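Below, in structure tokens: the form predicted alone, a single chain.
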Amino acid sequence: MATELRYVGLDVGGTTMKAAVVDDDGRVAPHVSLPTEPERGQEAGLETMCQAIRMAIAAAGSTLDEIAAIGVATPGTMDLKTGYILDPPNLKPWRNVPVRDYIAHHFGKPTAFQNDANAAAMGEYWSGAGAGTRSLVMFTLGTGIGGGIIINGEVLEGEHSHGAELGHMKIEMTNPRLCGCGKRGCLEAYASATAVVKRTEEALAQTSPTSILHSIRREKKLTARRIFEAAMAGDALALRIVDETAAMLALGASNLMHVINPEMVVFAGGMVEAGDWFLQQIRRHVPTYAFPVPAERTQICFARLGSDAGFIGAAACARQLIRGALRR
């Protein structure tokens, strides 16, 4: 690692920001984390970003002179061409924050700026589940559903910085559910962790008096994790909810197979902790929706990097500024 170029990747979340130095081969030095504390304002937030970068360089036993470039990934609406966060819901009250130029000027280094879901997909493509592939689509399953698309080492950003909003593809318009984005029929409204809980609450109110989920709801907070645990324990209602969720994710994946025809579809986020049996459920439903060839040949798997994918992918984007696209 000492003779190779090094890059800093920073992943800014609504609660925590994480950073680490990564080398040309994707090897990661010890990472550091700091509380984001967005309520302190964007100037404080920018300084915390700088502090996390400095700490990551120190944790790697490096100096700033040894860093070739920096990559920063953030959530929320953004203008990737100008390097601004515009109006991030999870970083209020920040607005119109010039992240890329601030970091570049502060450290005097080329700086890449990317959406956090895109960066996570890039991380998995570079050194995670997608290592060795040419193209990858990733769904991030959490409170909402994020996404990223990588083709021949390039992030599909879209003309207006809103490419790969996979959670907002429409999967149902006959009697569509309301999504958190304000639109109806989005995949996120059916298959996110939040949606799994809402759909379960609705089902419990209508039927299934013998479901163990009734007692779970009375004694504890109903969560996607507990619903999946009930399904693994054999609860009929929970099994139905999980199977329907798997079918909807398979539908989303199949739509991307027909549009992008990727080599791999990756699922990431908290819901993948359900384990391989949930992955098998998704795979089982894919042939129902996809053409036979992509259904058979597209690899469908879980992500491998966990919460490290964001800063590894941000470092990969920094590497592209120096090395060019991560082509296989």
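Residue positions are given as counts along the sequence shown, with the first one as 1. The shown structure was predicted, so the numbers you read here are calculated from the model rather than taken from an experiment.
We do not show the form predicted in complex with a further copy of the same chain, though everything after this point is about it.
Just one of 223, 90, 135, 211 comes within 4.5 Å of a further copy of the same chain in the predicted complex, counting any heavy atom, and that one is 135. Listed residues 63, 280, 51, 288 were compared with a further copy of the same chain in the predicted complex; 288 is the one with a heavy atom within 4.5 Å.
Stretch 295 to 303 is the answer when you ask which of 26 to 34, 64 to 72, 295 to 303, 268 to 276 has residues with heavy atoms within 4.5 Å of a further copy of the same chain in the predicted complex. Contact annotation: residue 173 falls within 4.5 Å of a further copy of the same chain in the predicted complex, judged by heavy atom distances.
Although the partner is absent here, residue 165 lies within 4.5 Å of a further copy of the same chain in the predicted complex, judged by heavy atoms.
In the predicted complex, residue 232 stays away from a further copy of the same chain, with no heavy atom inside 4.5 Å. Although the partner is absent here, residue 218 is not a contact residue: none of its heavy atoms lies within 4.5 angstroms of a further copy of the same chain in the predicted complex.
Each of 169, 183 and 190 comes within 4.5 Å of a further copy of the same chain in the predicted complex, counting any heavy atom.
Taking a 4.5 Å heavy atom cutoff to a further copy of the same chain in the predicted complex, the contacting residues in 248 to 266 are 248, 251, 255, 256, 257, 258, 259, 260, 261, 262, 263.
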